[in-house]
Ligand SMILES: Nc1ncnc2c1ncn2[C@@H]1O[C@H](COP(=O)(O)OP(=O)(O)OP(=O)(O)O)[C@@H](O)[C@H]1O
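Below, in structure tokens: the form predicted on its own, a single chain.
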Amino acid sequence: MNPACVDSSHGLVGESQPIRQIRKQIEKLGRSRSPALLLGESGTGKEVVARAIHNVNACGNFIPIDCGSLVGPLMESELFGHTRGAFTGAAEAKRGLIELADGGTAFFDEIGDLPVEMQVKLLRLLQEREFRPVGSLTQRKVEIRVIAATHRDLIREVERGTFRLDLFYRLNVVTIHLPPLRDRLEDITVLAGRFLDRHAPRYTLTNEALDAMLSYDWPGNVRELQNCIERMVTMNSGPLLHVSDLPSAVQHHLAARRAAQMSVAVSADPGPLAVPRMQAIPPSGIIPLMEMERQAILQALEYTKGDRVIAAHLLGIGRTTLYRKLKEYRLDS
């Protein structure tokens, strides 16, 4: 018997306009049983949105199905179950993921990775609301909502012949596009605060660290941001989290950004203190990030005639950070 329907709020965090719009879509879609297709880069929160849709009117179970793991001879059994003796090793009958989702929601994560032979069976499930366990001769009726998600361009996959056009149209009843984190920077502060509350409520990000996070593109999106916060609190005794506590990817991005900004600022200055034009990246190729940072520090010190306080201000870093960098690059003599 399916559990009773209960009301439950979603956990989608953010105050940007795209997130506000998605919340409205969740509320509308949650009141129906129509299929939904969630599109967005990896880490943008597609499963969070799927659970939110389910929780608007949470009847039955929410069953996530990782399509990328449905490979090999047992993938049909994983989805639809099997009868006793259906194949070697099937000592007992087994319920599949679809049957577990009966009365609730089946969330097909990364639907673009679903093998073509399984796409046919999923299409029948959507059209007929029935399936057949491996080894059985009879169809079983099922009542489920299907939500699918992918980071792939399904239209391109259809053109390549790796995704069925009829299945695409059957899933594409309502589509929600989840924006990458770089397109909703105002949500980074909110999300970082939420993750800090979850992992270490007494910790606080310095303004310098938060500025560095706001300048980063976050290719792994919300998932990468969450991992970043968790790493920072794990490796730091707190309560303040500094730039030096950030993962190396964020620190390298920040160093390259500062080096480029300093190179542009110094090269463009026509005043009497201007220094010879220097390139952060020479025509012959790309130089290491640490060398770019070293060049930026040298340019700043030359521009300010050795005034380390003003140089630190131009570089956008604290004095103690500059002193540490001078020692690190052996420029403090």
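In this text, residue numbers run from 1 along the sequence as written. The structure displayed is predicted, hence computed values, not measured ones.
The same protein has a further form, the form predicted in complex with the ligand, not shown here; the description that follows concerns it.
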Touches the ligand in the predicted complex: Leu12 (any heavy atom, 4.5 Å): yes
Asp307: touches the ligand in the predicted complex, heavy atom cutoff 4.5 angstroms: no
Glu302 within 4.5 Å of the ligand in the predicted complex, heavy atoms: no
4.5 angstroms heavy atom contact with the ligand in the predicted complex for Arg84: no
Per-stretch contact check against the ligand in the predicted complex, the hit in 204-212, 160-168, 121-129, 191-199 (non-hydrogen atom, 4.5 angstroms): 191-199
Candidate from Ile98, Val250, Met232, Val222 lying within 4.5 Å of the ligand in the predicted complex - any heavy atom: Val222
The unique member of Leu70, Ala58, Val48, Leu298 whose heavy atoms fall within 4.5 Å of the ligand in the predicted complex: Val48
Residues in 106-122 close to the ligand in the predicted complex, defined by a heavy atom within 4.5 Å, in order: Asp109, Glu110
